[in-house]
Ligand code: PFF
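Take a look at this one chain, the form predicted alone, written out in structure tokens.
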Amino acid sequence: MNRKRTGFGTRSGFELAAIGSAVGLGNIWGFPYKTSANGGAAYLLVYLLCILLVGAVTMLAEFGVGRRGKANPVTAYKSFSPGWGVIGLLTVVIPALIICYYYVLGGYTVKYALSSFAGNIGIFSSFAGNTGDVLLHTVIFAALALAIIMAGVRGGIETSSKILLPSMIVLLIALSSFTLLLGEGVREGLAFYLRPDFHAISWAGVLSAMGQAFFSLSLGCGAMITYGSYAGKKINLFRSTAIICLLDAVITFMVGLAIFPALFHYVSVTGTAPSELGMGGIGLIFITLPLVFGEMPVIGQVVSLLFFVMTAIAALTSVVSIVEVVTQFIIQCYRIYRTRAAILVTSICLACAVPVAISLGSSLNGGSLLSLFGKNLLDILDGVTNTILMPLCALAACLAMGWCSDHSLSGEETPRQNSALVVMMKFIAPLLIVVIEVFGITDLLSSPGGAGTLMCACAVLVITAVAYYGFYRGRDTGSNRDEALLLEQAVEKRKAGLQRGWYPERDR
């Protein structure tokens, strides 16, 4: 029999998919507004340094966990010890929670892309409050991700990454080239972004840069473990990690080149004070930038379209990676065909996205419908996942690969590792991740509703532990080989014109 194999067909496909996972909304709106609040160029330099010290080492560890286990995160961590499996299950739970609000934000990007020529100025509150319109665009975004996931790792994720990521980069180059030619205010924007003033960045800014470097690479949410499990032995993870981190940093840098000259041009032309721009949070891309585009001569609507198409692509490639984490687990653990598993995950997460959309829309319009601890559900889920749980899982990956594995990360047969890398993975990266975790929780607790968010995170941890030790610890949770066998069976049944059903073992 000609054995079907899951996994990426090429090294470039693997790297493009991982870059697509890393480059998301956090790079496009998180990085610019944090840079603006923390000293401009000084923040940029600290951010780039943190990618090297924290991001690259942690990414390499997560890739290593995945390729070592050749399976979903639960089975991959079980390969170290059955007790590690609870970390694997948490690594599946986290993306499931993220999907519920990322779908909603993705829907916003679709809406703004489609309405660029009609005008996006001032529509933020009215759109957010129109639940039907928000859900329509959320479904469109989720359907695009579903189509990619259903097509498989090679036919869907790899192929789409080879198309979408280069398209996003071309759009970004076009945008940054245009904004650099706007004239008035551009020089001031470039000076703010490229001329470091280390007196302008505080210790809090350094911690923010550490967190941004960590989160902008999609670490701690299982995506790199899942993609690592599909990486063949011939792929040198050292080389691939270096390329992925470099390109992620370059793309993030170019986002700043596209945004800051445009913002300072707007300030110069309109006389608006920078403090009045509303740079914080999602207001940057959905409120401030439409105003900026509206002031651009002649082709502001075209620029708006290019920017929001680029943003939607970034959101799509990121959400595909986290949906794949949950889908892979469902396929391998429950032996369900990929199409059915992807539909199941998408349907459940879309149902959960409904209250998130309603809560966010109410909050943005001054209401408190479906709020929890005084916060909307998106902020709660974001705090639970990004601030508390993701650093824990990233820390576990570093400790597992640093202390409990001699698996080769280079793609060669020898397990011997670079001594400097071992020190980074065992000591330096874990220490910095602990710093990110501690100060993230401290900052969270100082904000309204922070204690409630921490309680929710603790509840997720308890439920995950109960589920693992009650149902999954002694159960075969599957591997990539099981997924390959399902693919073979699906192909054979399709050729024979047979119905595939949900559970292949019932057909035997």
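Source: prediction; values computed, not measured. Note that residue numbering begins at 1 and tracks the sequence as displayed.
Here the subject shifts to the form predicted together with the ligand, a form of this protein not shown in this document.
Partner-facing stretch of 356 to 364, 74 to 82, 216 to 224, 373 to 381, counted where any non-hydrogen atom is within 4.5 angstroms of the ligand in the model of the complex: Of the options given, it is 216 to 224.
Position in contact with the ligand when the complex is considered in the model of the complex, options 449, 478, 26, 40, heavy atoms within 4.5 Å: Spelling it out, the residue with a heavy atom inside the cut-off is 26.
Contact residue in the model of the complex, chosen from 229, 179, 321, 161 - any heavy atom within 4.5 Å of the ligand: Going through each option in turn, the one that passes is 321.
Non-hydrogen atom contact residue 22 with the ligand in the model of the complex at 4.5 angstroms: Yes, residue 22 is a contact residue.
Contact flag, residue 102 vs the ligand in the model of the complex, heavy atom cut 4.5 Å: Yes, residue 102 sits close enough to the ligand in the model of the complex that at least one of its heavy atoms falls within 4.5 Å.
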